[in-house]
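Next comes just one chain, in structure tokens: the form predicted on its own.
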């Protein structure tokens, strides 16, 4: 079995990484904090021109027809730069939700617009309570019990709720369900709600990997430049241990995240288990990165002026969205403690 990414996937990832690292700087992020929407129309247009907004949109609707496994490395790069734009949400959550609904009119109306960057869609579940980027969404897909409803932006009332991460724009959405807006209900609705939860958690997990990597690199650079007792503090064993502990956690978190993307892309029955495993280990790595990197920065790590807090706060936010630690541990526990749980090496690669 070959578990590596293809050469095309890796090359695409490198080209997107170059673009994001040039365009999305901490200075740009701080600038967006002070803007009216916290978002950049110009940047969104650039992302659309690169084909990123349409990656998971089927070719018949103007997209590239790719899947979650093609995008997961790009989602990591979005995390690496703490991308404020809702690209990962649209590609991994909104588009697959529209594709899964049995409403051809809705697909024809919105998928081409998402692909060309002229529309954004936000998906909200009751588990999250608050909806990200509802203020810039042209369409909202919202849960009501075991139903999903497609609601236009004109039919909702929004109340802003500040996040610990200033780049996240969260809103309580007031709206009224109706038969006309329902796109899934009953067993179909429950299945789609679970799928949305899985995709949202995968989006968090992949970005958490990028955040952890960025925090490590920032701290290595800082500890190489900061001197104490005539030496770079990065040469001290205690500092090295802080960084190596993160690196080990991060490396072991990558495979579960990629496995979860594969499970979702191929419709495997273990997708929920794989996603919960991935989110737990990736956000744990990002949390440790935030803790240890703040430690090696010393008192500077707590200050607003140091860019480290941009990435720490996003990591903390991901830890409790699209299912908190207790939610995902319970899903893993329900699987491994079942009487007929297929555990052991012989069952590792079963679908």
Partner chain sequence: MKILVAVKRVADANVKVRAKADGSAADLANVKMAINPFCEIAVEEAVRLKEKGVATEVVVVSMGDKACQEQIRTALALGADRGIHVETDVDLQPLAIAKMLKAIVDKESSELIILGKQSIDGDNNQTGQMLAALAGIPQGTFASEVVIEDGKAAVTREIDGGLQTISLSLPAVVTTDLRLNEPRYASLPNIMKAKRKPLDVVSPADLGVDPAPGVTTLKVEAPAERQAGIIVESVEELVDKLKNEAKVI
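Numbering follows the first chain given and starts at 1. Everything numeric in this text was worked out from a predicted model, so none of it was measured.
Beyond the structure shown, there is the form predicted in complex with its partner chain, which is absent from this document and is the topic of what follows.
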Open item on the list: Is residue 19 near its partner chain? Define near as a heavy atom within 4.5 Å, in the predicted bound form.
Closed with: yes
TODO: Flag residue 300 as yes or no: does it have a non-hydrogen atom within 4.5 angstroms of any non-hydrogen atom of its partner chain in the predicted bound form?
DONE: no
Open item on the list: Please determine whether residue 49 contacts its partner chain in the predicted bound form, using a 4.5 Å cut-off between heavy atoms.
Closed with: yes
Open item on the list: Is it the case that residue 341, even though its partner is missing from this view, gets within 4.5 Å of its partner chain in the predicted bound form, heavy atoms only?
Closed with: no
- [ ] Only one of 306, 317, 325, 64 comes within 4.5 Å of its partner chain in the predicted bound form by heavy atoms, so just point that one out.
- [x] 64
Open item on the list: Only one of 95, 208, 74, 215 gets a heavy atom within 4.5 Å of its partner chain in the predicted bound form. Which one?
Closed with: 74
Open item on the list: The chain here is shown without its partner chain. Which stretch in 289-297, 26-34, 66-74, 306-314 comes within 4.5 angstroms of it in the predicted bound form, by heavy atom distance?
Closed with: 66-74
